[in-house]
Ligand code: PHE
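Next up: a single chain in C-alpha cells, the form predicted alone.
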C-alpha cells in the first residue's frame, strides 16, 4: 500500500515492447545474463544504502521516492553485511572517509517502490561475492518508479535498461569500449562522454549520441565504475572492478520512432494506429 493516491498504468503491446525485445537480444548476443527483476518493492537498504548513497541524500526524500505504508519496513537483511555497510557510511574504509554521520537502521529498513534497477544489481553482486569469484556480465530491463512531475518527457513509472560487467582489472577504457560496442548495435555510432557525479560510481560519465534527425547531441544514458565503498563491504576481492551503465527504455524508443511525447507510449491515450502503421524497428546486431 502506497502513501497517498497514485495510479500506475500498463504498457500496451507497442513500439516500446519491440525495442525492449531487441535490446534483450543484443545483451544476450554480447554474452550477458539477465538478472531477476520481479520484485518492484525494495528496502531502502538495497535501493540506497548498499550503493553507498547517504541517508541524507535528497533522492531518498518522499518528494522523489514512493514509500510504502504496509508493509512499511523489511525484516530480512544480512546482518553481517548491514554492519559493514553501516561502518563504511559512518567512518569509511578502503581509503575512504565515509560520510561521517550516524547511520540509522530504521532508515535502511523502509520499504519503497524501487527507484532504479541498480537495487537489483546490488543484490546480484552481493550474492556473487558470497562464492569463489567468477567474472559475470549481467543486464536487466524492467520498471522503476519515481515521484516526478509528469510532462512530455517524464512519467512516475518508466523502464530502466542496465548492464554491468564484473571482472578483475577493469578500467575506464574498458567501460568506454563496451559502451561503443553496445550502442553500435542500436545504430548509435557517434558517442561522446561528459564527467558526471553518482554516489555509487567514480569515475562517472553521462553518455551522449549524435542524433542525425535532430541534428544535435542527445543524452542517452549514464555510466561509471562502482566505487570500492560499495564493492568491498560485499566481499568482492580488491582487484575486482565493476563497470556499469543505464538508460531508459523510453528515450531510445522515442528517438527511433520519432515520438516527441512519452505519453504517446504509455497510458489510455496511446495511439494504437501508430502500432499498426509503423514497421518493426530493426536494430542492427553484429
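These numbers come from a predicted model, not from an experiment. Residue numbers count along the first chain shown, from 1.
This next part talks about the form predicted together with the ligand, which is not shown.
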query	finding
The single option of 55, 65, 37, 222 touching the ligand in the predicted bound form, heavy atom within 4.5 Å	222
Contacting member of 200, 145, 138, 183, with respect to the ligand in the predicted bound form [4.5 Å, heavy atom]	200
Joint contact, 49, 89 and 99 to the ligand in the predicted bound form, by non-hydrogen atom at 4.5 Å	no
Distance check, residue 244 to the ligand in the predicted bound form, heavy atom within 4.5 Å	yes
Partner proximity in the predicted bound form: residue 116 to the ligand, non-hydrogen atom cutoff 4.5 Å	yes
Contact flag, residue 160 vs the ligand in the predicted bound form, heavy atom cut 4.5 Å	yes
Interface stretch in the predicted bound form with the ligand - options 67-75, 106-114, 126-134, 192-200, non-hydrogen atom within 4.5 Å	192-200
